[in-house]
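Below, in structure tokens: the form predicted alone, a single chain.
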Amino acid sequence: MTDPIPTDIVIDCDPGIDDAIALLLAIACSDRVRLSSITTTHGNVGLALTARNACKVRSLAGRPDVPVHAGCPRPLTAPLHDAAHIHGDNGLGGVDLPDGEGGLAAVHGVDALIAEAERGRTLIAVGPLTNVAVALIKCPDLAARWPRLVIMGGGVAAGNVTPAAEFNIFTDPEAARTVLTTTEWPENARPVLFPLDATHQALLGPDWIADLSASGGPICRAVAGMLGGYETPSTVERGGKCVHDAMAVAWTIRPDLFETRPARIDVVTDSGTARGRTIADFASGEPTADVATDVDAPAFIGWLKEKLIALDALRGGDS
């Protein structure tokens, strides 16, 4: 039996601590996914920092060859705001990664996404959906070209920025509505949505973080350092840290770890307390996404640590 051909992916992100871990996980699983490019947007911190952080993370992982494309610096119509109070002023929990090799690619992030769709890449979007929405507006037939879109965003039961809204959706609800309510996705390639309802099921506790730091080299120590400075009000009372974005990457490699249900998605864009709310109608006969509902948390947590330690070993451990 021959090994499966890796799935070509592009990650649209706003690094961000959990974005950084998602990028590292993708690179650690190069036998299953081949990271073709990275696009960045505004979000956890401003665009200049998200682009710089993506460049630093790819170099930390030994992949300075992966192009990083800076995309949209602000939401479609909403005021710009960030989550630096959660991710730190530098977006990486205060961990100062070396600049590494290479700079930004010249092509704008939206144009890079369009080109990647035309090449048949799977898109994993783990930041505000501005870049993806602009790409769909620019090329209305683009949805039919992406073999799969995996999104981290939303909260069906509750949010984390407001009681109703999750950060990625709340930051640009107009973009999220453009992406998540389109009916142009092929039925067998509906977006897969990872809301807080799923990502909150897997918590990395203090022992997990300490063991990761002690078991690996520079990559594991950097991840442990970032997690040490990562306190979110929605999870701190639960005694652990969530790596929301890594789950979206994990689904492309280990779908066996997750359960999904089809649902018709809507996003509230009105002003008021419900703005940014993600509505999932699981009873609809016309679903627009497959929503992650359950996670094998112990298996996911153990597998994530295993892959990060293996990436460190591949990079030379304590070098």
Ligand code: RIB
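Not measured: the values here are computed from a predicted model. Don't overthink the numbering: it's just position in the shown sequence, from 1.
We do not show the form predicted in complex with this ligand, though everything after this point is about it.
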{"item": "Partner contact for D245 in the predicted complex: this ligand, 4.5 angstroms, heavy atom", "value": "yes"}
{"item": "Interface membership of E116, this ligand in the predicted complex, 4.5 Å heavy atom rule", "value": "no"}
{"item": "V126 within 4.5 Å of this ligand in the predicted complex, heavy atoms", "value": "yes"}
{"item": "Touches this ligand in the predicted complex: A135 (any heavy atom, 4.5 Å)", "value": "no"}
{"item": "Segment that reaches this ligand in the predicted complex - one of 164-172, 103-111, 135-143, 73-81, heavy atoms within 4.5 Å", "value": "164-172"}
{"item": "Contact residue in the predicted complex, from L180, V249, V223, M152 (heavy atom within 4.5 Å of this ligand)", "value": "M152"}
{"item": "Option touching this ligand, based on a heavy atom within 4.5 Å in the predicted complex, out of L196, L193, I219, A202", "value": "L196"}
{"item": "Residues within stretch 98-116 having a non-hydrogen atom within 4.5 Å of this ligand in the predicted complex", "value": "none"}
